[in-house]
Every structure is written in structure tokens, then in C-alpha cells.
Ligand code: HEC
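Shown below, as C-alpha cells, is a lone chain in the form predicted alone; questions about how it binds or moves come after it.
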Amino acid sequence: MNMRQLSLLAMAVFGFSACSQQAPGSIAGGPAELANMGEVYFKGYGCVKCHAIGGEGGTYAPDLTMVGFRKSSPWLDRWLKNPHAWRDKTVMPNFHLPDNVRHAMVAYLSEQKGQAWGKNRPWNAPAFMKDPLARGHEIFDMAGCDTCHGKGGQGGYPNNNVVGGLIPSLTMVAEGYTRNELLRKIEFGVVSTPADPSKPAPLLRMPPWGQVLDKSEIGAVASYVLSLDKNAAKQSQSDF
């Protein structure tokens, strides 16, 4: 057992016993300590049974290795507070997390921006490097594009204060955008336009993927998205 594992074990022992003594949302130390406790809680509550980070954990639910890049801290906090309030069809249970536990988990998840994979990103395996479409599909799923746009880009996921209340499907992108236009949108991101400017801004937006993906990765994603067939039968939808 290395020093980090020993540290996390010690925090688990002392951290859980201290929860009832702390005011909601409080935790000793700074941001690093808060994120470390979040990792303890993430594992202690069994999140790893469904979610993976850096290749470790379950595969039933979305991979969270890049969740801190694609989702904001306010969204993560809202989701963890009550997943069903955001997406009523989700199978993720409401753990009714105490405020201090939820805040620590948000701090931990917000740090996850792909570094847990190191240089071994799953879509760089030799089999994917030979097939741009398959590579793009793998990036789309593993980077978490499907957690907003749905499996196969079918859409249907909620966002607050946007027209229709849903993130649009990507199955007609080829009819509305050139490849260069799509590449720019992926690289630089898209800010969601509020349906009602007087209400809180949408919590979900497409982040500037150029900050974490290189040109070849963005190109592979664009190739996959442009290949989506609006007439194809809908693929199975994730319930998360």
C-alpha cells in the first residue's frame, strides 16, 4: 500500500466519524483536502461500482474521467443533490448526501479532466488508430459527449432555460454544418443561449474541447458525428 492509499485510508477512518461533528459544507483544510475527502466519499458510497475514473471502476454508468471538464461544479452539485430533479428517468439513486459530503464529491469530480488516464487514453489503442470513425465513436462515448447528446447523438437530455428544455440531437448535423464549421464548434465550444434572459443561465454548455483534445482527436469526433444517420433506429439510451 503506497503513501497516498494510506493517506486516503486514514482520511476515511477519521473523515466519516467527523461528519456528524462538522457543520454542513465544512471540512478542515483547503481545496486539496476537500477533493481528497471527496475521493474517499466517492469510493465509500460505492460510486465506483457503476462509474469508472482512469480505467478503474464499473462500466454500467458514464465514465467520469473527464467529468470535471464537461460539467460545471454548479451542475455537479445540483445533480448530486437530487439526480431525479434534473432527469426524472435516471436510474442513479438519490443518496441524500449531507452537504459536506456532496461538496467534497463535487470538488473531487471537478478535478477530473482526463489526467487519470495519463498518456493511455482508451481511444489511442492501435485498433482505434486504424479506424477514424471507430476512434471518434470511442472518444464521443468515453469523453462523455453522450452524457449530453445521448448515445449515437440521439439527444433528449435536459438543460435548464433552453428552447424546448432539451439538448438537441446531432443526427442532422451533416445537413446543417460543413466539416470545418463542426471542427470549430468542437474545438472552441458552444455557449447555450438562454430561452429567457431574465432566468438563470443554462448550466450545460459544450466546452471548448480543444483544451483537452488534439486536432486528430477532434477530427475523429467530427467524422463520427457527420456519419450519424437521422434515419437509423435509435440506439439504446443511457438512463443516467
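Keep in mind that this is a model prediction, so the values were computed, not measured. Numbers follow the displayed sequence, beginning with 1.
The form predicted together with heme C (HEC) exists for this protein as well; it is not shown, and the discussion that follows is about that form.
Although the partner is absent here, residue 52 is not a contact residue: none of its heavy atoms lies within 4.5 angstroms of heme C (HEC) in the predicted complex. Not displayed here, heme C (HEC) is approached by residue 159 to within 4.5 Å at the level of heavy atoms in the predicted complex. Though the partner is left out of this view, residue 93 does reach within 4.5 Å of heme C (HEC) in the predicted complex, counting heavy atoms only. In the predicted complex, residue 117 stays away from heme C (HEC), with no heavy atom inside 4.5 Å. Proximity of 75, 109 and 192 to heme C (HEC) in the predicted complex is complete: all three residues have a non-hydrogen atom within 4.5 angstroms. Applying a 4.5 Å heavy atom cutoff to heme C (HEC) in the predicted complex picks out 204, 205, 206, 207, 209, 213 from 194 to 220, in order along the sequence.
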